[in-house]
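The data below hold one chain only, encoded as structure tokens and taken in the form predicted alone.
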Amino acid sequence: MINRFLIYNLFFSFIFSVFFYGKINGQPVPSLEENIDFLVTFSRDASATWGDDDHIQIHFLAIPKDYKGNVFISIFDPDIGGKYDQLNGSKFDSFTKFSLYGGEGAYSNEDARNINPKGNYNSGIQLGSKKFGVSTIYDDQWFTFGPINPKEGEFDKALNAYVFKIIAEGLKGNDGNMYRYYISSSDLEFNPIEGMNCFTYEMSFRLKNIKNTVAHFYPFLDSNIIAIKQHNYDYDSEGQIRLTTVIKKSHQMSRSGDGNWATSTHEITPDEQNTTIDIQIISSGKFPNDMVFYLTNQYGKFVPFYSVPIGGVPKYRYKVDIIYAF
């Protein structure tokens, strides 16, 4: 494990500022397409009404089978305190642990794909772990796991990829940790890994605090899905939640209030199967808002959503009726 900012602080500060203005390619999580401000994990003593219902967040990274290089998994602002994080009380006094897993069971174990982590959710072989509290070293900076051999992940035949799992777990305290991940083929440059994708089954996140900003979730619906049920928590009735598919345009979805869940069920037609859909969460920009979102199918099974939408961002197919007069 290395912390590249201890050596390359000025260099990466420049690269980071360039990257988030869209000047270079990269693979952040959340992605540019998702347009989400930060992932958020509150420590275990925080009330769920802050927007984190279980204080644990799990993401999976799928590295293509044919990729032969190294993998570096970086965490931006992993500490608690300073520029971005949510203070509860008179001072920051919380801790977050980030752990990386590969090997057998890292992804295939069903406990790891549960939206309420319990049982053997930390299955697999631990490849690295670090606990962060208040730190001037890591505030507004990076920590990196790597270099990692892709074959240290668990191979999944359906994905044709080696899968890694990264767990963010809120420990002692009640503050909120705002952070982002970044996946690269290098520890010195933000080099994308072609074909790599990141996915999760539940996300705790912060909306951008800008009026009418739209956050996006991109589930891929296979041929077996005929209905979806969206679940959102602690949205504070802030704006709108909408669904767009190739044949639906901005359909309204139920939204939650402060400290409660809201759900709505939506039929999926054959034209929408084997496509990516776009679930849009709109911010009013009135205040920083942290919330939780996940999706299930008609059987109650959790549906993953992807940082990079499979097949691209879905486009609504407009139909134009032309009437000819003779």
Partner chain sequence: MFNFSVKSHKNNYCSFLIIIFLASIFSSPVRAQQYDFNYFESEVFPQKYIYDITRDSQGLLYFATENGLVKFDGLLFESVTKNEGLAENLVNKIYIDTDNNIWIGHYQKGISLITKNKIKKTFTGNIKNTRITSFVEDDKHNILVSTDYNGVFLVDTNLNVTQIYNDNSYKINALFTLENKLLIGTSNGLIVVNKFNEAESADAIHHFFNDTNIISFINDTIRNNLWVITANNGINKCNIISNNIDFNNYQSFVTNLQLSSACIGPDNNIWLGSKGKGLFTVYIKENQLDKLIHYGIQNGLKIKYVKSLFFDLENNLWIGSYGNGISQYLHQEYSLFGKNYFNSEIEITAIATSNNNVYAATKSLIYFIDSTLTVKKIPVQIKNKITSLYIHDNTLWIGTIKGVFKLTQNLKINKIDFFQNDYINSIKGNEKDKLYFATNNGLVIYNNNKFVRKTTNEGMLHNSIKALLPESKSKLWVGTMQSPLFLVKNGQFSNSYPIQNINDIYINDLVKDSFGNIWLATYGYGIFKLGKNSSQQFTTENGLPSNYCYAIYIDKNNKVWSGYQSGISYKKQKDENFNSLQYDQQFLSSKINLQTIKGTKNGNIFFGTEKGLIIYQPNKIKNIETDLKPEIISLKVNSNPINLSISTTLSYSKNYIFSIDFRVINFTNQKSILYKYRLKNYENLWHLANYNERSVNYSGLKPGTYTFQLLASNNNEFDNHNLAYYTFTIKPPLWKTNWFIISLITLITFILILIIRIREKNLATNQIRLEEQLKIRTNELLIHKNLIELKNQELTDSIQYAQKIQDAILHKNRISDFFPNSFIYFKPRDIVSGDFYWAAQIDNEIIIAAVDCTGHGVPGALMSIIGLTFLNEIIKIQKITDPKTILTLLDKKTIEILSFKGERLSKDGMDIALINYNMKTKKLIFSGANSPMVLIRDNKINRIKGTLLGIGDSFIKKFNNNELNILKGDKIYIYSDGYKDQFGFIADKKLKNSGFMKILIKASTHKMNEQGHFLSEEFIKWRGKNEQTDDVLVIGIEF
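This structure is a prediction, so every number in the text was calculated from the model and none was measured. Positions refer to the first chain, counted from 1.
If you look for the form predicted together with the partner chain, you will not find it shown, but the lines that follow are about it.
**Prompt:** Are all three of Asn70, Gly103 and Leu127 close to the partner chain in the model of the complex, meaning a heavy atom of each within 4.5 Å?
**Reply:** Spot residues vs the partner chain: full contact, yes.
**Asked** Only one of Asp187, Asp93, Asp156, Asp140 has a non-hydrogen atom within 4.5 angstroms of the partner chain in the model of the complex; which is it?
**Response** In short, Asp187.
**Asked** Of Ala215, Met253, Ala168, Ile148, which one comes within 4.5 Å of the partner chain in the model of the complex, counting heavy atoms only?
**Response** Exactly one listed residue reaches within 4.5 Å, namely Ile148.
**Message:** Looking at heavy atoms inside 4.5 Å, which stretch does the partner chain contact in the model of the complex, given the options 191-199, 95-103, 244-252, 74-82?
**Reply:** Within 4.5 Å of the partner lies stretch 95-103.
**Asked** Closest heavy atom of Glu152 to the partner chain in the model of the complex, within 4.5 Å or not?
**Response** So Glu152 counts as contacting the partner chain.
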